[in-house]
Structures are given as structure tokens and as C-alpha cells.
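One chain comes next, on its own, written out as C-alpha cells in the form predicted on its own.
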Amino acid sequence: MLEVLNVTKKYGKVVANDDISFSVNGGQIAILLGPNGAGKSTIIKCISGLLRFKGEIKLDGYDNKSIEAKRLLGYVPEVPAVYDLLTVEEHLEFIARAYRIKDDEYERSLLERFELWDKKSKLGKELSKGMQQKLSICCALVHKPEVIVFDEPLVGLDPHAIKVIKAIFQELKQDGRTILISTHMIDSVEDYWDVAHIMMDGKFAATKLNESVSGDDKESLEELFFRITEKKSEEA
């Protein structure tokens, strides 16, 4: 479970996140939607422990800066950060050793699913941006985290990799994991989300539960998103 409690993040006088609170349960996929500059990546980085902030963030009850919480977390950054002089295979081995785990079969299965197994001997600096993104996803999943945070995970991926990552989202959900996905592309999230938070100016402008299955969905997520963002543009 992920809990974000009254989190505020400022860059000087600029408020990037303004008293944000929400939670994501195990077996649930939550989406952060919003235009560029809405504060999505900032809250993701706060959750991942990369930024200082006011408030509390907990993973399964542990403070997000604690060792216990870091063991539970998987993080896919918006921009892949791979090691230039490690091979694809060495990236996963390095992460696995850091978490003191060893599962060669699972590591290979991740690389095979993302069509990276035949690239296992390539150095990080030799990979295309799309391959780096796929490797970044593999590194985030290799220790089988309980809470996984994705920041714009589909950007730069080829159609096959997009199909694979969407299947993995569903597998993680069925396995009871906690998933948070940040994106500005509504069509990329389709109908696999459980709850969506629309961000504007560092705040939640709206929160919507996915009721499409029950037939009670009066306004689509896309309609709600554009109603909010276009209204903001008109006011500006």
C-alpha cells in the first residue's frame, strides 16, 4: 500500500505540489493525469525518495526514506538512467545483488519479454532510447517490488513493448501489487486503471473511480480531463 499524506514540495517560491494526499491499495492501479508542469513527476520523485518535501509518504506503513520502504519500491523514471559501461545483463545482475536476491530465470524472462535477451552483451551507451527505457523497466521489476511507480513509462517504447508493459500492469495488479502510473497521454491508460487523479497546478483537480465495468460511468475520463484542462486554459 502507498500512502501520500499532505505532501507539499516547493522550488523556491514555486509550489510544485500543494498539500497532496491520496492512497493506492494493493491490487490497485492508480493513474496521475495532467498536462506538462502539473506536478506529476514531482510527486513521483517525492515518493521515490529523490526530493525533500513536507508531509509524509509511507509504503506498507514504512516511511519512504527507510531501508524497509526502499526494499519494497520499484521506480521507472521519466528519463532512463542506465550505466554506460554495464551491459544489459550486468544491469540486472547489479540490481539483484543490491537487493541480495538471485533469480536468473526471472531476469532472463524479463529481458526476453522486452526483446532484450539478444542484446544482453550490449553496453548501456550502445542502446537506443527505446531500449534504455525497456531496460529501465526491467531493472525496476527485477527484485519483484510490492509498490511500483512508473513515470511516463510508455514514452519511446515500440508497439511490442507497449503491449508487454500493459500485460505486466495487469499481472502486477492480479498479484496484489500497488501500481502508480504518471502520464499525460490519456489514450495510453485505456481502461486498466482503478482510480485516476487529474492534476493541475500542483493540486488534484478531480479524482475519478473506474466505473465503466458497472455501467455507471456517466462521464468518461477523457471528457473529464478535457473539461478541466480546457476550462483552465479559458480562464488563463
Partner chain sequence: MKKNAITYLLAIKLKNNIKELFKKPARLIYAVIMIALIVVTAISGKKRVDENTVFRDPRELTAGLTALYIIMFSLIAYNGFKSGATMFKMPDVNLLFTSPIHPRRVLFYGLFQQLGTSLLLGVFILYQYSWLHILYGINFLQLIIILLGYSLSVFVAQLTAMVIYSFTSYDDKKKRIAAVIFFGIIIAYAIGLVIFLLKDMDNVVTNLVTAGNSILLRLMPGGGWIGGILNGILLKDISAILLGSVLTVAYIAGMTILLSYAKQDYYEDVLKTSEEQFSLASAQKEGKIMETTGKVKVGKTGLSKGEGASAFYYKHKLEERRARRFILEPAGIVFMIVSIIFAVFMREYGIGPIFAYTTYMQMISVKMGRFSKELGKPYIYLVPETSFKKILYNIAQSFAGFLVEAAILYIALAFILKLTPFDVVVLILARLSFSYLCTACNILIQRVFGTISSRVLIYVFYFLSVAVMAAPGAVVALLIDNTGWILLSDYILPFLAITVCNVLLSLLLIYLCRDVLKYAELK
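Nothing here was measured: the structure is a model prediction, and the numbers come from that model. Positions refer to the first chain, counted from 1.
Here the subject shifts to the form predicted in complex with the partner chain, a form of this protein not shown in this document.
H184: touches the partner chain in the predicted complex, heavy atom cutoff 4.5 angstroms: Close contact is absent here: in the predicted complex, H184 is far from the partner chain, nothing within 4.5 Å, heavy atoms only.
4.5 Å heavy atom contact, D104 to the partner chain in the predicted complex: Taking the distances in the predicted complex, the answer for D104 is no, it never comes within 4.5 Å of the partner chain.
Distance check, L51 to the partner chain in the predicted complex, heavy atom within 4.5 Å: Judged by the heavy-atom cut-off of 4.5 Å, L51 is in contact with the partner chain in the predicted complex.
Flag V82 as yes or no: does it have a non-hydrogen atom within 4.5 angstroms of any non-hydrogen atom of the partner chain in the predicted complex? V82 belongs to the contact set for the partner chain.
Region of this chain that lies against the partner chain in the predicted complex, out of 194-202, 170-178, 29-37, 61-69 [heavy atom, 4.5 Å]: Contact-bearing stretch, as computed: 61-69.
Judged by heavy atoms and a 4.5 Å cut-off, are K9, A98 and L123 together in contact with the partner chain in the predicted complex? The answer is yes; K9, A98 and L123 each reach the partner chain.
Here the chain is shown alone; which of I165, L73, M131, L111 has a heavy atom within 4.5 Å of the partner chain in the predicted complex? When the partner chain is considered in the predicted complex, the option within 4.5 Å is L73.
Can you pick the one in C139, V147, L127, A161 that has a heavy atom within 4.5 Å of the partner chain in the predicted complex? Checking each option against the partner chain in the predicted complex, the one that comes within 4.5 Å is C139.
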